[in-house]
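A single chain, nothing else alongside it, follows as structure tokens in the form predicted on its own.
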Amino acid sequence: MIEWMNWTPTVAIFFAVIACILLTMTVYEVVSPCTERKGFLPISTTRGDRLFIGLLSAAYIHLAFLAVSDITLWVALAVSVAWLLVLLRWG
């Protein structure tokens, strides 16, 4: 059924981490429901909104690193994680 996909360990880890993040955020939302708040983003957001924006931003950060530099993607990952943490805390 999904033989066409190249399931390397890196790809499997990527999807497993995303699944764990979503599961953690779901449990966190059930245990401690959030309300919308306004941080430095120009809109009111919930934790889920900020997570979505952070994951989308991480994709663009990685694409930018691929487009404009030869730096290893580990640096892009570090930048993306730092951005996601800032976004979740103060976004």
Partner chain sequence: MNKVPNNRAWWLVLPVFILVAFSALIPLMTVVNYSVQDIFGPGNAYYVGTEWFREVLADERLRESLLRQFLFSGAVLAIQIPLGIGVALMMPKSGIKASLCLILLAIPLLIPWNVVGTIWQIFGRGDIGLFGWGLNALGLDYNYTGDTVDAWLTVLLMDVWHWTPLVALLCYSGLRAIPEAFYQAAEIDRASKWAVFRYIQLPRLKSVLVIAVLLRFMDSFMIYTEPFVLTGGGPGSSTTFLSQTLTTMAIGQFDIGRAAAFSLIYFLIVLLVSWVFFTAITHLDKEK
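Positions refer to the first chain, counted from 1. Computed from a prediction, not measured in an experiment: that's the story for all the values here.
Keep in mind that the form predicted in complex with the partner chain is missing from the display, and what follows is about it.
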>> So, Val11 and the partner chain: in the predicted bound form, are they within 4.5 Å at any heavy atom pair?
In response: yes
> Heavy atom to heavy atom, is Trp90 within 4.5 Å of the partner chain in the predicted bound form?
Replying inline: no
> Should Thr24 be counted as a contact of the partner chain in the predicted bound form, where contact means heavy atoms within 4.5 Å?
Replying inline: no
> Heavy atom to heavy atom, is Ile71 within 4.5 Å of the partner chain in the predicted bound form?
Replying inline: yes
> Of 55-85, which residues get within 4.5 Å of the partner chain in the predicted bound form if you count heavy atoms?
Replying inline: Leu56, Ala59, Tyr60, Leu63, Leu66, Ala67, Ser69, Asp70, Ile71, Leu73
